[in-house]
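Here's a solo chain for you in structure tokens, the form predicted on its own.
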């Protein structure tokens, strides 16, 4: 069983990572099941609240538009709010409280800080609203009803494997010098991505086939506050100066596309050869970079599908039915095991970029 809780991302040992990876084995038996709960239904034109974090990536911007349009098309009133760009969670806390006060029947939350929303979730639940965690698990609350996300541990595993594959393709024999980056410590997913990647990378590091030349292997050392590009570029600048005067940098584990492009900007600015750099989110500029042969890979987590599944949950609750879930064992938020619907992520490199985005009207033209 995966447990995700606490106010910061915590690195886990090799043994713990192996145990964590093994928890996924319980999923096969859960596929297609329905969640529990005492859904009683509500009026078809009810208010549905959607609280999203700051617009730090293209996917968050897209999600807001999709929720606004999709909920309205389904006959609901949609109240979609973004948190401000500040580093505090106060905006989102206030927005969730306001949605509860206005009588929202379901509140969907893409958490700004997963560990600081328990009070607001409890109040929403007490008022009769169902609460769905979107993309990021909300921790330390028994009042969370559902979680819908891509399999984020798998995302990390795909990134780690792509890093190894990309380096081997460029240079058949190691050892390989790499650096590790992780996301914002207040985002629960950041640690999940990192741990998934280390599940693949750590055995190679232990064997000496892969070397973190800076020695910065702990997730706290690799974290980039707020997922900010400038933070990643500054850290990469420092690493190149301190560690790679004469050493060759073969690869960089980047948790998303925004940071990947910042890392590449740093490397180019230093006049260094471009290493294998991972990413996530299929952002337009990163897809262009992959086609160009610079950024090595990204993860396709189609926001359209994630929003669609979330709205399907809302529809089920409105009708008085239990939403469809496919994992009832793996996601322990520190207070309960949360009924979850997981979608599969897809690793995308130059080799499969055309196929991966063939049905995406925004990205398909970029692959021609």
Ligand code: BGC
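Positions refer to the first chain, counted from 1. Please read all numbers here as calculations on a predicted model, not as lab measurements.
Only in words, not in the display: the form predicted in complex with the ligand, which the text now covers.
Heavy atoms of residue 330 never reach within 4.5 Å of the ligand in the model of the complex, leaving it off the interface. By the criterion of a heavy atom within 4.5 Å, residue 146 is excluded from the residues contacting the ligand in the model of the complex. Interface residue remark: residue 335 is not counted as part of the site for the ligand in the model of the complex, having no heavy atom within 4.5 Å. Not displayed here, the ligand is kept clear of residue 340 by more than 4.5 Å at the level of heavy atoms in the model of the complex.
The partner is absent here, but in the model of the complex a heavy atom of 136, alone among 261, 105, 235, 136, sits within 4.5 Å of the ligand. None of 199, 186, 281, 250 but one reaches within 4.5 angstroms of the ligand in the model of the complex through a heavy atom, and that residue is 281.
Figure note: of the listed segments 287-295, 189-197, 70-78, 121-129, the one touching the ligand in the model of the complex, with heavy atoms no more than 4.5 Å away, is 189-197.
Taking the ligand as positioned in the model of the complex, the only residue of 242-267 that brings a heavy atom within 4.5 Å of it is 256.
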